[in-house]
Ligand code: 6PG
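The chain below stands alone and is given as structure tokens, in the form predicted alone.
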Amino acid sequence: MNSSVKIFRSPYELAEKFAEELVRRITDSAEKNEPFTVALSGGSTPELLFSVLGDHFSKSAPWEYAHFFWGDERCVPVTSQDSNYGTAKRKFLDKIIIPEVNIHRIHGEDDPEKEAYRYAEEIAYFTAGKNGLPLFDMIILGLGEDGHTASVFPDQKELLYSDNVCGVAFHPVTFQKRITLTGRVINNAGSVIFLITGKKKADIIEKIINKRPEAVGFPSYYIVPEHGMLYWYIDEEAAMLL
């Protein structure tokens, strides 16, 4: 596994530079006449990314070659402010020209167990495979203040090793149910990118990157792509302890 840490002056610069990278990757796939499969994340930093993409890059890529999935979703209706898909739709997807069939949302309003199974089937149909698992070209992740990523929380680390493509999780404080990609699928991706901003994440990032003993309690510590690249896109505040 190869990894790279990229530090940016501000959250906006981070979002802009990653938007440029995403556009480049999709354009490269289009030139090969190949689809580009990417799992999006929720959270404040990806929300800024979606705004940048929607406002400044809506015509910059051959979006018809992109297939958008989600790494996790809250079990809420799409009209909810908590919906990861809803946020991406409003700020980004509604502003680009892309076939509806290329947008693969998690149906958070449906029965979680049944939807986890259905979504796994959809992922398998629209992605390549490797090692008996779906192979995403790119998976975008965030990082919680408790070290969780996607919806794999510290008290539910069994989802890191599940044989299922998707699992049902719950927020340890609110008990809100979530549907999430599992760890083996994330680690099977061609590239995994953490997008992280803010000083509240600095301590966790330092522990993970420097492999401190305390890091073993963080699910994000176990994101180690087996054959792909791991990228950390972080702003100066999040990098303050590195």
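Because the structure is predicted, anything quoted here is derived from the model rather than measured. The first residue of the shown sequence is 1; numbering continues from there.
The same protein has a further form, the form predicted together with this ligand, not shown here; the description that follows concerns it.
- Residues within 4.5 angstroms of this ligand in the predicted complex, judged by any non-hydrogen atom, belong to 139-147 and to none of the other stretches in 156-164, 121-129, 139-147, 93-101.
- The closest non-hydrogen atom of residue 44 lies within 4.5 Å of this ligand in the predicted complex.
- This ligand in the predicted complex comes within 4.5 Å of no heavy atom belonging to residue 107.
- The shortest heavy atom separation between residue 89 and this ligand in the predicted complex exceeds 4.5 Å.
- Taking a 4.5 Å heavy atom cutoff to this ligand in the predicted complex, the one contacting residue in 162-182 is 178.
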